[in-house]
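Below sits a lone chain in structure tokens, taken as the form predicted on its own.
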């Protein structure tokens, strides 16, 4: 029996699905870590977004983002609560900024810089939502720990993403096939 090869479209969809599965796995792991505030997260699932910058088209990247946000909301049970607003605001702003920084400064900024930029904008977006939904003017009180934890998480995720991109045979194969 002749073996059929996958079409380019099928292979790309499988790649997005694989990265979404990784994001949701990391999100599940993160969900098990206690949080002082429901929307305060380490952002482990963003690792899939950082890694995907060099291998997905813009359209595929935003499909991955949508799958990540909806999947996280299903995992955490927040799909129909105000908490999804934090996820949407943070994830969308972070993803947009990371994509822009990657495209504009591709040769000048490492995954650490991209991750820090994403974390900063994610935190700012979530603080803005927080101001209008939860804390009002008191949001400035929670801003420093959020910014600090976001910076620390971003550096760790960025270092890990950079190491993965540099050392992974899978990544080298996929990024070479995408070109």
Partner chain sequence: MNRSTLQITSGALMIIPILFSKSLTGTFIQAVCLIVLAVLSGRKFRPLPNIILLLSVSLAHTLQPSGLQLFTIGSFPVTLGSLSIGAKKALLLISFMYVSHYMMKYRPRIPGKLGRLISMQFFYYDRLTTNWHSIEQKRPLIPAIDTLMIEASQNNHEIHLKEKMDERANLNDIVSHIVHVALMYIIFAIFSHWFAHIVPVMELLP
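Keep in mind it's a predicted model, so treat the numbers as computed, not measured. Positions refer to the first chain, counted from 1.
A second form of this protein, the form predicted in complex with the partner chain, is not displayed here; the remarks below concern that form.
Residue 96 falls outside the set of residues with a heavy atom inside 4.5 Å of the partner chain in the predicted complex. In the predicted complex, the partner chain sits within 4.5 Å of a heavy atom of residue 28.
Within 4.5 Å of any heavy atom of the partner chain in the predicted complex lies no heavy atom of residue 33. Taking the partner from elsewhere, residue 66 is found to have a heavy atom lying within 4.5 Å of the partner chain in the predicted complex.
Contact residues in stretch 74-95 (any heavy atom within 4.5 Å of the partner chain, taken in the predicted complex) are 74, 75, 76, 77, 78, 79, 80, 81, 82, 83.
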